[in-house]
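Heads up, the chain shows up twice below as structure tokens, two forms, tagged structure 1 and structure 2.
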Structure 1
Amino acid sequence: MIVFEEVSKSFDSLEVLSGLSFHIATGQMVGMVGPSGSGKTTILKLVTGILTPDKGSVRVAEGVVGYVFQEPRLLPWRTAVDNVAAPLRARGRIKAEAREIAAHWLRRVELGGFEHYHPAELSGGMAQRVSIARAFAVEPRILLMDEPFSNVDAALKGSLMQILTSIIRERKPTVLYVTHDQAEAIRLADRVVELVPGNGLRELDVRDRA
């Protein structure tokens, strides 16, 4: 469950969000679209607590968060497998165990064989998939994704979507998913919202356009 109540957020003099309210029920998958610079990433960061609202409140149900950042945000000095393993170690797994789980998830995002590559040796799309594996591997109750498939080709995107849908079916996390592709959001999500600059969130009708 994610609840925003009258949330305002400014950076210096720039007001990005003003009095934003919305509610996402537990287990719901919500797609979010909106123009560049409208504040989509800001909303995700507010959910994680990296950012705090200037006014209003953000409430998020307890539970592990998986976050596919807009950029991969991998540790450049760690291999792919250790990047995926790090959050697992933060959750108390011993190193060997964390690596085993991490390797499993790397194989699922079709990076088997690249476990011991450093980020500098991976392509942009491959790094993005490591970041996706990292978010999935923690078995999140809340999954935040910021244009997770922006860097991968159509075929790969299809198989990543499949993994995503199977995760959603099995574990029913609450998902907030930012994309530039409105049609895709409508196809995948339970709800689609559009962030309109200066005007908050507008609910799009999923059924109409499906």
Structure 2
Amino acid sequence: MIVFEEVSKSFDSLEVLSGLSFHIATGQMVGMVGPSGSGKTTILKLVTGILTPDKGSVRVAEGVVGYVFQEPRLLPWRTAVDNVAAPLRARGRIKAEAREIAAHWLRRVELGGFEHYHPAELSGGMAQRVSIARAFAVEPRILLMDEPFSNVDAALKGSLMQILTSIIRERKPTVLYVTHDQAEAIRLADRVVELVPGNGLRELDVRDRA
């Protein structure tokens, strides 16, 4: 569950959010669309606690938060399996156990056999799959995604979306997915909301999606 109640946030004299209220139910996937500068990434940072609201409140269910970024953000000196294992090690898992879990998730994103490749040896789509595996390896209760397919070519986007939706349906985290691509959000999400600068959120109709 994620709840925003009358949330406002400014940076110096620039007001990014003003009196924003919305909720995401437990296990629901919400797509959020809107133009650059409308506050989508600010909302994600408020959910994680990196930022705090100037006014209002943000309530987030307890549990691990997973994050899939626009860029894979892999450590170049670590192999794929060690990149996925890194957050597990940070949470106290022993090395062998963390690497076993990481290898499992690399197989889930169709990267079995690439465990010992470094990021420079992977294509952009493969690197993004590593980042998806890393997010799910920590068993997130809440999953945040910030334009995860914006740097992936159209030929790979479809397969990545299929992998992602399959895992989400199985694991059922609460998901907030931000993107510029309205069609993409409608295809993936249970609900889609549009962030309109100065006017808050409006719900989009997804009943007629293919």
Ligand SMILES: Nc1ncnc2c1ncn2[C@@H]1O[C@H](COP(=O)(O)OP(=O)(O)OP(=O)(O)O)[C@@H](O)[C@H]1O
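Keep in mind the model is a prediction, meaning the values are calculated, not measured. Take the two forms, superpose them, and find the largest set of C-alpha atoms that agree within 1.5 Å; that set is the rigid core. Residue numbering: sequential along structure 1, first residue numbered 1.
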item	value
Form predicted on its own, given as structure number	2
Hinge rotation, rigid parts compared between structures 1 and 2 (°, from C-alpha fits)	16
Angstrom shift of the Cα atom of residue 133 between structures 1 and 2 (superposition on rigid core)	2.8
Core-aligned Cα shift of residue 119 between structures 1 and 2, given in Å	5.2
